[in-house]
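Next up: just one chain, as structure tokens, the form predicted on its own.
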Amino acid sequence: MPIDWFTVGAQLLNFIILVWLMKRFLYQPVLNAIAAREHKIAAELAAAAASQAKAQQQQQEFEQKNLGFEQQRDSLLRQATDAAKAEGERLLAEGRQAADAASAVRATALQRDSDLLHAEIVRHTQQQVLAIARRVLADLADVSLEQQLCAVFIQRLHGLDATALATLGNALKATSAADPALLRSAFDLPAQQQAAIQAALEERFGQPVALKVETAPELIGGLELSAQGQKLAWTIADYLDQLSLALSPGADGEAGA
């Protein structure tokens, strides 16, 4: 069968026109839509990647901040622990100091009470000894205690060594009617004993002696002469003090040593 080249040419021209029309009105819009879609997808992927990177950065910052918070918390906890320990030690030290101070106060109070009781016992004993001595002297020798104490005091006056005698003599020389020597007695000294002591002083020191007499019950049986800061005394309390020392708890140990 013979080929109809006109028909072939017409068909080819129609095909070319169809391809152009498809490319112009169908394929190109499809390609543009696909390109736009790809561009949109690429933009979304880029945005997602950016969001993911930002999220990772925020996560890292959060982790760093969390680590910083943990370190700060640990530091604050250590500081609080150290401060609490130091405060506890300070309060404990203050408590010990307060306890020591209270113990010292109690010890001082106990010692004071003991000293007061001891002094009261000594005073009472001295008074009892003085009363007994009065009765003994009155019963046995018919000599009053006052007379005997004056005699002993005069004996001590005559028994002074040269140094003590010179010191007391200088003090008595400085006395006068306005500033007399003071003779203190545990009892009301009778005029006879006052005169005896006055005579003994003037005889011993070879000069008149201005003398003032006072009663001082706290001497507990004795006499005390004082002038210009110098003193000559004899009392039963001196012997009782020696007796108290001898009877004290440490006396045996000291004697044994």
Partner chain sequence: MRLTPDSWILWEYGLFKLNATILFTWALMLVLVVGAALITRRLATGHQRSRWQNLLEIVVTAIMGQIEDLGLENPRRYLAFLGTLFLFIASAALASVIPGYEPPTASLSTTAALALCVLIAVPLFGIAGQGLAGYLKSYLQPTPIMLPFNLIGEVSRTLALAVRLFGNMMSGAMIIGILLSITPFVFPVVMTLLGLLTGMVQAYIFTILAAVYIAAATRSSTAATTPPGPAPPAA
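Residue numbers count along the first chain shown, from 1. Quantities reported herein were computed from a predicted structural model and do not represent experimental measurements.
Missing here is the form predicted in complex with the partner chain; even so, the following discussion is about that form.
Trainee: Can you pick the one in Lys65, Lys212, Arg37, Lys231 that has a heavy atom within 4.5 Å of the partner chain in the predicted complex?
Mentor: The residue in contact is Arg37.
Trainee: By the heavy atom within 4.5 Å rule, which residue out of Ala199, Ala43, Leu31, Ala53 makes contact with the partner chain in the predicted complex?
Mentor: Result of the distance check: Leu31.
Trainee: Considering the partner chain in the predicted complex, find the one stretch among 22-30, 186-194, 199-207, 55-63 with heavy atoms no farther than 4.5 Å from it.
Mentor: One stretch meets the cut-off, namely 22-30.
Trainee: Give, in sequence order, every residue of 103-118 that has a heavy atom within 4.5 Å of the partner chain in the predicted complex, or say none if there are no such residues.
Mentor: Going through 103-118 in order - heavy atoms within 4.5 Å of the partner chain in the predicted complex - there are no hits.
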